[in-house]
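Heads up, the chain below is alone and in the form predicted alone; it's given as structure tokens.
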């Protein structure tokens, strides 16, 4: 079966996903596209060679009888309405993060999906599909270093644009760690503290950088994460899990070690897309195959909701400079925990 896909949102990530689904991955075809900029969507459809129909609204794409499943890659504030419309139509949807821009909005999606009685929503947290993270999780699940006690992590970018301001270091950057730590540790969070230290001179006026986020889980695991988005030296993702009998670390991306000009070392990537490009392929191929089977195999609406609740708690902790609780309701049985 070929999964016929409609794309809602034809910006950078929407275009990348459309090309990936139509030309690179098995079992999918992009048949319809919508974007707030219809002219740009038309140009992309024609110049990319996809030749999908460009429809005048997201609802038209959802309602199209030849569209089996949707990819929502539009502006974040539009996600809630569009995902709810997919649920109402009974069509599977892959939604890029965030699921919604507020925890309340994400909860409405959860409630709608539970009421519909069938899991339809997957959220685009692609780190779960990264080979390095999967190897790290396999090591932890096998008990190779005993029970996890501490996690030391870092999310570093060489630079961010002027429009990246305020709490985007949490909502756009740390949101990936929020999801992947829960998955790695099979645990949920109970408290958070955010610390602002000395600001780098490389950060622009609207951004305090770096910051440190301290999380505690239900099992008592302590997680510290450095978020430094103007580090200049590269795109650098670190994760070191301290267990009872050893330390398990996220593997570095493959690069050629060099000994040259009296120096020894290896390169560091500068572009996040290069660091995780293979993960997007694995993620969407898995979504295609699971959707054909009538399943959701990846991060679901509940995961998107928990990420939103946690992000909002992080933002409030940053404002108040206090250690704050993260209050989560019990996971509905509808969302049985996946491995």
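Residue numbers count along the first chain shown, from 1. Predicted model only: the values in this text are computed from it and were never measured.
What follows is about the form predicted in complex with another copy of the chain, which we do not show.
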Would you confirm whether the three residues 13, 45 and 53 all fall within 4.5 Å of another copy of the chain in the predicted bound form, going by non-hydrogen atoms?
no
Is residue 206 one of the residues lying within 4.5 Å of another copy of the chain in the predicted bound form, judged by heavy atom distances?
no
Contact with another copy of the chain in the predicted bound form for residue 270, defined as at least one heavy atom pair within 4.5 Å: yes or no?
yes
Would you check, heavy atoms only and a 4.5 Å threshold, whether residue 39 touches another copy of the chain in the predicted bound form?
no
Residue 76 versus another copy of the chain, in the predicted bound form: is there a non-hydrogen atom within 4.5 Å?
no
In the predicted bound form, which of the listed residues (87, 110, 248, 170) lies with a heavy atom within 4.5 Å of another copy of the chain?
248
Please identify the residue among 96, 80, 236, 179 with any heavy atom within 4.5 Å of another copy of the chain in the predicted bound form.
236
Note: another copy of the chain not shown here; in the predicted bound form, the stretch from 67-75, 193-201, 100-108, 117-125 having heavy atoms within 4.5 Å of it is 193-201
Which residues, if any, of 143-168 lie within 4.5 Å of another copy of the chain in the predicted bound form when only heavy atoms count?
144, 145, 147, 148, 149, 150, 152, 156
